[in-house]
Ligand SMILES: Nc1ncnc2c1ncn2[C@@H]1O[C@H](COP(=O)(O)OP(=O)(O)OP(=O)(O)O)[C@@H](O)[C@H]1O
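First, one chain by itself: the form predicted alone, in structure tokens.
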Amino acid sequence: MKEELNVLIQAQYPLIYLVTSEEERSEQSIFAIAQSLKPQRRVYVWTVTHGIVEYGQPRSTQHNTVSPEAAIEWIIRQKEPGIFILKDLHPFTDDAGTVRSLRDAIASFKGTYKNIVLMSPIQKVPVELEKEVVVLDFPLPSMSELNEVLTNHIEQSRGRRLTTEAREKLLRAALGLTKDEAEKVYRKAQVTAKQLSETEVDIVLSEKRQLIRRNGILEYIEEDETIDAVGGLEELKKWLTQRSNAFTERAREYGLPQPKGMLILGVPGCGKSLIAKTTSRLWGLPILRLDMGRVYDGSMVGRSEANLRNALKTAESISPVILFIDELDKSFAGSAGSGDSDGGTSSRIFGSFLTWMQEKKSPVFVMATANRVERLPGEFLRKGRFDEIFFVDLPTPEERRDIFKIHLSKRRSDISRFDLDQLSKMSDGFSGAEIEQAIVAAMYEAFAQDREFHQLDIIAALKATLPLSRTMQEQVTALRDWARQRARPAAASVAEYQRMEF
């Protein structure tokens, strides 16, 4: 990106929009570019609090340029080449006078070596400037830049030298943080442990989780369960196990492409979300949940798109990583006709996400779940978006037996008193979640009577439950009919999957 910014400045592009929250690092990069040009160019910075100040000079109001229009007029009058950074101009772009001043500046820059760089954490481009502006995302620090931060910290704190392996672990743990955030995290690790070594990686990761949670869109998921906690779904487990080393350098040397993602369709309560979370343990990768509901922000035009862009950029910066999107059908259900309801925001979000999925080069594995396939836009289901589409059906008798065994073993060390085959037969049509709740209900019943729960308690709870497969029979049948020809069964026995009826 820095190379592209350099090219745009040299090519006399008059208006560049730099989307970033790292003002200091961005300014340093622009100043370095200005110093490398022949002739060198002076760099000026405008803020609404200080007006225009030359970069590196003391901050004090100069030239009476606090207002955006006055600042732009001052820039137009300058005869010498220069780069003019306008910080956080986006709140003022609703004003016709500010937009007109920018267009006047663009027209006056022809044949000169002057550039305006709009710097903001939010992308908001007025319609009048769409044909004139080039938008760039300033990337988060690379490993080499974080290495400089770590080296400076060790030198300043007079810490002991790190081994190559320890240094690499600390740097990878900090990927996805800004330069300032990395500095603070390393200081915290130093204060907490009185030293900085590979054993402090957990401190860095813990703080990193807090920083990622702070924006409210991405969330670190910490799952203690392994994939063995999921009953059945042997074909899906096999597919995931085969790709457990897919992001290693050995896989690249073998010539394998990086997996893109998978979509898990199925009946609610049958383990779709659980298997997505436990894949993190299986693959040894962090998993981030993308909350699409929090992406949408109606407080400011363009804020929703910026939220999604920042979330995806953060996921890419800490890759390889699993990006988990639960209930994808609810997130994009209304994207096709969003023009009348939300001014087209949903459609733009949907389009941006599809484009990112198609073009992403970073090892971000998208793991999405959905319950209502008819709500999903067709573009999601075409080949190339996901590596595979799996369908998770209601559990077979063997899978129900495994599910009872898993949930009973979590709660009691000895389960020999339970007849798992009978319980499997009695729970025909039940999902995994409904089986678990039947066990919980049986335990509550026995607890209220101050005794241990038994087989008959679970049977009574099963008989008292009306499973979703019966209350929503038409919906489940339609989903099965769709998946039979279009998705891969997650269960081991395809014949059993095709034979199942209510």
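Just so it is clear, the model here is predicted, and its values are computed rather than measured. Numbers for residues come from their place in the sequence shown, where the first is 1.
What follows is about the form predicted in complex with this ligand, which we do not show.
- Only one of Pro126, Gly231, Gly82, Pro286 lies close to this ligand in the model of the complex, with a heavy atom inside 4.5 Å, and it is Gly231.
- Interface residue among Gly261, Pro141, Gly429, Gly269, judged by heavy atoms within 4.5 Å of this ligand in the model of the complex: Gly269.
- With the partner left out here, this ligand still marks one of 97-105, 347-355, 185-193, 272-280 in the model of the complex; by a 4.5 Å heavy atom cut-off that stretch is 272-280.
- Although the partner is absent here, Lys360 lies well away from this ligand in the model of the complex, with no heavy atom inside 4.5 Å.
- Of the heavy atoms in Ala174, none are within 4.5 Å of this ligand in the model of the complex.
- With a 4.5 Å cutoff on heavy atoms, His407 counts as touching this ligand in the model of the complex.
- Contact annotation: Glu436 falls within 4.5 Å of this ligand in the model of the complex, judged by heavy atom distances.
- Against this ligand in the model of the complex, the set Glu327, Asn371 and Ile403 is in full contact: each member has a heavy atom within 4.5 Å.
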